[in-house]
Structures are given as C-alpha cells and as structure tokens.
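We begin with a single chain expressed as structure tokens, specifically the form predicted alone.
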C-alpha cells in the first residue's frame, strides 16, 4: 500500500500522514526509501534507541535530509555540542525565565483582551503567531518595532524545508536567511560594545564560571581571552537562526494544533475549564498529539542494524516523531486526544543529548495560553472548519484557523 512512500516529500507529512505512518509501523517499521536513500524509522522504541545512541547515529553529518545548510548546535556531535549547550543554558537562568514568563502572561492578556470584544479572529494570525515571537524577541533582546520582521524571516526560511525543487521558495528563503543574519550580526556587535540583560549578551561574553546580568557581562568582558570558553561568531549566528525557527515555528503550531484538538473534543476542553490543574498534563498531550517537529535525520557512524535491517556506515535514518508518538505499543488509543493521559512518555521534544533546549519555555507558553484563553473564550469554536495546513517536511505548519467566541468587553 505504502511501500513506495516518498518520505522526503512534504505532502507525505500532510493530510493522511497518520494512516501512512501506521502502515509503516505495522508492515515496514525500518523502511528503506530508495528514491531518497534514507531509512524511515517509525517505531517509538527505534526512535528512542537511535536518539540515545549518538555514538552510532550522529547529528554532525546534518539533521535535515538533503539540506546543505547545517543548523548550528542541532547538527553537532559531542563534545562540542555539550560545551555549547552548557553555555546556552546560562541564558535560561530561573530568574530570567521567570521574568519572561511574567512578560509573556501580560502580553497574552493584552492580546486576548483586544480580541475578546470582536467575537472572532484568525487564531493563527492573531494569537499563535505573535505569542512565540514575543518570547524569542524578549530572549534575544529584539525591539518591538522589529518583531514583524522576525515573523516574516522565520516563515520564509521554514517554507524551504521539503520544497527544494521550488526555485522561488528556495530563493526567498535564502534572501530571508541573509537578511536575518545581517540583522543578528548587527545585534551581536551592539551587545559586544554595550551588553544588556539578554541571551545574546550572555553568549557574546560567556566565560567559564557562569554569568547572570549585564553587570556580570561587563566584568567578564575584561577577562583575558585565553581563559575563555566561548561561542565562535558563526556558531552564535547560526544558533540564533535555529532559535528563531525552532522557538517560533514549533510553539506556534503546537498552540494552533492544541486549540484545534480542544475545539474538536469539547468534553476534553470542559475537563480543563472545570479543573485547570489538568492544564500541565494537557500541555504534554498537545505536544504528543500535534508533534510540531516532524523529523530529524541521523547518520550511521558504523555498520549497524535496526530490527534486523542492515544499516551501512554513512547511511542516513529519519526519526519520525509523529509516528513514534502514536505507536500502539506505547500509547493506549494513540489517535485519541486525552488531556489527562498518564503516562505520556512522548518524544515531541526529542530525547537523548539533543533534547529540546527550549522545552520548558514552550511548555510555559502553551500552559499560559490555555489558562488565559479558557478564562476569556471558553466557547471558542471553528468559524470556517478545521485549520489549513501548509506542506512542510520539518514542522506541522498551520496557516489559518478562523474561530469565533462570545464577545466580551
């Protein structure tokens, strides 16, 4: 039925994907896609095994199949991956994350209060798009006046993934990449001269010992460079490209996909309204059910095998997260959306040494969004049918979701 599946066609990951992936799990769980010369890995246990054995299945040969550009820390192996990860974590100190959470809640309330009297909106454009951009911009230190540019650059870059034969899309993506990199390089130079309390300043001036605020950054900048553990400029630039795409696109689509599931499952939505203590559990179910990041590739570092299929050194495998997250051997009634699902060992944030750096920020954004929307728009419903999807190989990409609700002052 699906033995000739083209696993790198963005349309494969669109409507009907879960039926296709179920067929693979049941009939060909480690599937050789001859057209693209890649193994499609669809079972939960195999995705987890490959993710946890980075010495066998490495990231350093690229995590986006057929894509020449490497995505910074996502495409690194140990020990450099771990070194950069520990540096980046300095920008996620509890105090800083607490400040971002407070700001994000205030922004969410302000956004929803403007929409509430209207009784309708496009959930993607009016809610899901601006919210993650606000967090990323806050983290990087981008002024409010430039936040629409971030949205444009992010959307245009992500559109290229899986659409490599579309020359116009690829050219637009290259232009967006160049514009964002130029913008970020200006920001890096500005923080080098005048540090602020943001992630870029921390990473520009990161030194052994850890940093907190701008004052610490200024002191650290005086240290002799031979004592430094730092990110090279191109490492920092590419990390900030990855942060924009990963932090924006994934959360936006989790927000939209999660709300669409609550609209389609009113009994589940009612559980959250009646018992908001279930919201953290609902966040995990949203990440599992939507699986906003659809796949990453790994490369075999030696001859090996999965489920008896021989994988040669240098061959690539594709880790299929939406499929793993609906594996019948792990999840009871896997296609159902259950806000109180327990246990829920999903791999929506990955697993192993490349576990998502921003997982807790993403959880916070989805949790705050649910808390505030269910207070203000408890009867939110589709205004024009289910959300519209754009074909994408990397993320489950929602473009429009018109909704209506009882207007409130």
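Numbering follows the first chain given and starts at 1. The structure displayed is predicted, hence computed values, not measured ones.
Unshown form predicted in complex with a small molecule; subsequent notes refer to it.
Novice: Look up in the predicted complex whether residue 49 has a non-hydrogen atom within 4.5 angstroms of the small molecule, and give yes or no.
Specialist: So residue 49 does not count as contacting the small molecule.
Novice: So in the predicted complex, does residue 320 come within 4.5 Å of the small molecule, heavy atom to heavy atom?
Specialist: Although the small molecule is absent here, residue 320 would stay clear of it in the predicted complex, with no heavy atoms inside 4.5 Å.
Novice: So, in the predicted complex, is residue 377 in contact with the small molecule at a 4.5 angstroms heavy atom limit?
Specialist: Although the small molecule is absent here, residue 377 would stay clear of it in the predicted complex, with no heavy atoms inside 4.5 Å.
Novice: Can you tell me if residue 349 lies within 4.5 angstroms of the small molecule in the predicted complex, counting non-hydrogen atoms only?
Specialist: Output for residue 349 is yes: heavy atoms within 4.5 Å of the small molecule.
Novice: Which of these residues, 150, 139, 241, 188, gets a heavy atom within 4.5 Å of the small molecule in the predicted complex?
Specialist: Spelling it out, the residue with a heavy atom inside the cut-off is 139.
Novice: Name the single residue among 87, 121, 128, 246 that comes within 4.5 Å of the small molecule in the predicted complex, judging by heavy atoms.
Specialist: Residue within 4.5 Å of the partner: 246.
Novice: The chain here is shown without the small molecule. Which stretch in 294-302, 260-268, 106-114, 167-175 comes within 4.5 angstroms of it in the predicted complex, by heavy atom distance?
Specialist: In short, 294-302.
Novice: Is it true that 353, 356 and 362 each have at least one non-hydrogen atom within 4.5 Å of the small molecule in the predicted complex?
Specialist: Yes, each of 353, 356 and 362 comes within 4.5 Å of the small molecule in the predicted complex.
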